[in-house]
Each structure stands twice: as structure tokens, then as C-alpha cells.
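As a starting point, one isolated chain is supplied in C-alpha cells, in the form predicted on its own.
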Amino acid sequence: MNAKQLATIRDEFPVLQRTVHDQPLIYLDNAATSQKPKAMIEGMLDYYTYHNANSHRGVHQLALESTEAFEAVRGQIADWLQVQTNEIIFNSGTTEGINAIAFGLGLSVLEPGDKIFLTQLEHHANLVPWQEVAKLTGAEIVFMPVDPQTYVIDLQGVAKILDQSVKIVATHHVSNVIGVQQPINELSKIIREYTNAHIIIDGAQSVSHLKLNLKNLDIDAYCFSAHKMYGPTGLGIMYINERIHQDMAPFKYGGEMINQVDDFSSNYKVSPWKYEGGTQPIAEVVSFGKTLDYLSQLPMDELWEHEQALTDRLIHQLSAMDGVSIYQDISQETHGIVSYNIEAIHPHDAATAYDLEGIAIRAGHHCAQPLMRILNVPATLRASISFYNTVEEIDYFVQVTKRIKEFFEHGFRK
């Protein structure tokens, strides 16, 4: 990726042109949410300006245009993930998607004594719903073993503890804290060999960094949020494999998802509409289609290589600094995520100091408190990289890190 190509890409993201505290913005909080290209922003404006109407419910022209645009994006996403259109369901985000599966599927298939396999690396959104479902059903949560150095799921260890009581296996594709990628394809093969369990994947951190073929992964469900993939907030995408449509009940009940409503009972449409009760985030869906159009024009493989090169550069420079602890195996690809701490400086204080230099990063437990206990820290700093970041930004970030460290160690010097 040469400088001219990268500059052209950066020009498509308006917020990257602004300043923060009189400094050029360096945005390194992409794991929390990515920035938005002009195509998406203009797509949302165009929809509200010329086409705004409730989809699926009217015969007037605007309603027909809205419905057609909405369903066209469902097809785009299905093609992007290489699945069937009726397996793509819209909701508000990864959290709602996992909750929909936990309560819609979990309550249907789990009984007392059944097991739910998770890891202690999960985002709270892929842990707390299963805790609640376990309480309601009498199922037991079991944590799959992971390699203590790489934090990759120990497949042999998993095979040793699998049996027919395992009904749900839910894990992340890429960790939001340490960036580790789990071997989902290999995991699913082992699960299928020993059990009939349903395999649920949190894909929130993977969709922006990996080329996906969900059919090849042989999983039952995959959830992610558009806003982490250069799309709008308030939109989630849930892949539900057609083979479990009969097993999974709707999570929300109401308008549009019904087929027939009698006085005391109702029945429902087929997927995807079965799982889309209520008014959908129509403008968000349509504008996300514009994001996909934009991304499809980019050399994504080359851009992902650029991301990883920047990540390796950052890890190399931080690991060379005394008093900086990095919380991941630096020999592994971390998909743009670097979690670390600066000795004797609280992450929130450091993040505030970065902000004063125009640098946006994240500090906290990252909604992963069990993992924080494993790491033996209350919180970390997290810098997360996108394809629009530059070598110059990474090098300046490292310079600022050194200044922050010196300031907290020795105080301000004129």
C-alpha cells in the first residue's frame, strides 16, 4: 500500500481530517467502533432525503423503494459471507444477536444437566446471556481450556471433555482484548465428531479483518455489528444456519414477523422475517449496503496486510520499551489489536494523556472482566488499528507513549 493510495482512502473518511485539542486526530480505537466512509454517510442522507418509508408494510412507491433497498442489502451481506439470503437476520448489534440466540435457541434445547461450553476470554455479551440461560434451564457452564501462552483454544483439551451433554458451544472468532484468532473450523470439526451441539460465534472483531466463508466454518450462528465494519451504529447482523430455524424461537414478537394471529395463539413467518419483529433499522441497513459497495472496490487483502504490518510495528516498538507490558503473544497475528499497560500509570490516566495529544485509544476492562482476572490486571490500554492508519501515526503514537511514561515518572519539565 503506497502513500498515494492510502491518502486517497483516508480522504474518504471525513473525521480523519479533523483535529482534537489542536492536534491532528490519530484514531486508534477501531475495535470499539470504526470510522465511516463518505459513501455510507451519503447513503444514509440519500435514504432519508428521498426514500424514507417503513419497509414491507405499504404499497405506495416510497414503501416499495424502501423494501427493495432493504432486501437488496440482505443479499449483499449473504454474498459477502457466502451464505443463503434467508440465513441473514438484522437486529441492533452483536449483543442483541447473541441474546436472541441464547434465549431463542438456548431455552429451546437446554435441559438440567446439559453443558454450555465457553471460554474465559469472552466479551460480556457472549458470557452474561449464557449465565442467565443456564440459571433458567439448569444447564452448566464449562470453560474450554486455552493455551496459557497464546490464549488459543486447546483443541485436544476440548476433545477430552466433550460428551453428548454439551448442547451449546459459544466463543469469539477474534478476541476484543488480545486479538487472538480462534481456530473455528478445527473446533467445529471436533464438536461435530463428539456431539450434536450448536456452535455460536461472536464475530464482532473478525468481520473487519478476515475474509469469511461461514458455510466452510460449519457453524450454526455468527453475530457481528455493522459499526465495527465501517457501517452505522444501531445495526447488527446475525447469521442463522437454515438447519436450526426450526429449533430457534423468535427473540422478539410483534409486527411483521407474524403469519397468523388468533385470539389465543399465533404462528410466524419463515426466516429471516420470523426473527425481525418490529420496525427494522432501515436507513442503517441501506447505508451499510453503501459501505459494502465501497469496501468491494478496495484491495482488501492488501489492506489487511497493511494493518498487520502496522500492528507488528507497534508491538515491536512497545515491547522494546522498559516498563511497558503487552498482554498477548507477540508471535501471533492480533488483527490490529494491541493491549498493554505502562508501569505505575493507571490506564485511564494514560488514555487521558494520549487524548491531549489528539490520540484516541481505549482504556478499561473492555467488557472482559474474567480475562482481566487471568491477566491479573483491573484494566488495560488498547490501541486498535484500521487500514486507514499510517506508519507516521504509529511512530508518533510511540513517541507520545515515551513522553507519557517520562511525565508520570519525572513530572513536567520545561
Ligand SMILES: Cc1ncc(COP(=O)(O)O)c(C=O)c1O
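Start at 1 and count along the sequence shown; that's the residue number. Source: prediction; values computed, not measured.
Separately, the form predicted in complex with the named molecule exists; it is not shown, and the next lines address it.
S.K.: Of the residues 31, 371, 359, 40, which one places a heavy atom within 4.5 Å of the named molecule in the predicted bound form?
M.R.: Result of the distance check: 31.
S.K.: Of the residues 158, 81, 125, 197, which one places a heavy atom within 4.5 Å of the named molecule in the predicted bound form?
M.R.: It is 125.
S.K.: Within 4.5 angstroms, counting heavy atoms, which one of the listed stretches 72 to 80, 202 to 210, 134 to 142, 327 to 335 is next to the named molecule in the predicted bound form?
M.R.: This holds for exactly one stretch, 202 to 210.
S.K.: Consider residue 277 of the chain shown here, and say whether it contacts the named molecule in the predicted bound form, taking contact as heavy atoms within 4.5 Å.
M.R.: Heavy-atom contact with the named molecule at 4.5 Å: absent for residue 277.
S.K.: Is it the case that residue 228, even though its partner is missing from this view, gets within 4.5 Å of the named molecule in the predicted bound form, heavy atoms only?
M.R.: Yes - in the predicted bound form, heavy atoms of residue 228 and the named molecule come within 4.5 Å of each other.
S.K.: Flag residue 94 as yes or no: does it have a non-hydrogen atom within 4.5 angstroms of any non-hydrogen atom of the named molecule in the predicted bound form?
M.R.: Answer yes; at least one heavy atom of residue 94 falls within 4.5 Å of the named molecule in the predicted bound form.
S.K.: Is there a heavy atom of residue 287 no more than 4.5 Å from a heavy atom of the named molecule in the predicted bound form?
M.R.: Contact with the named molecule, no.
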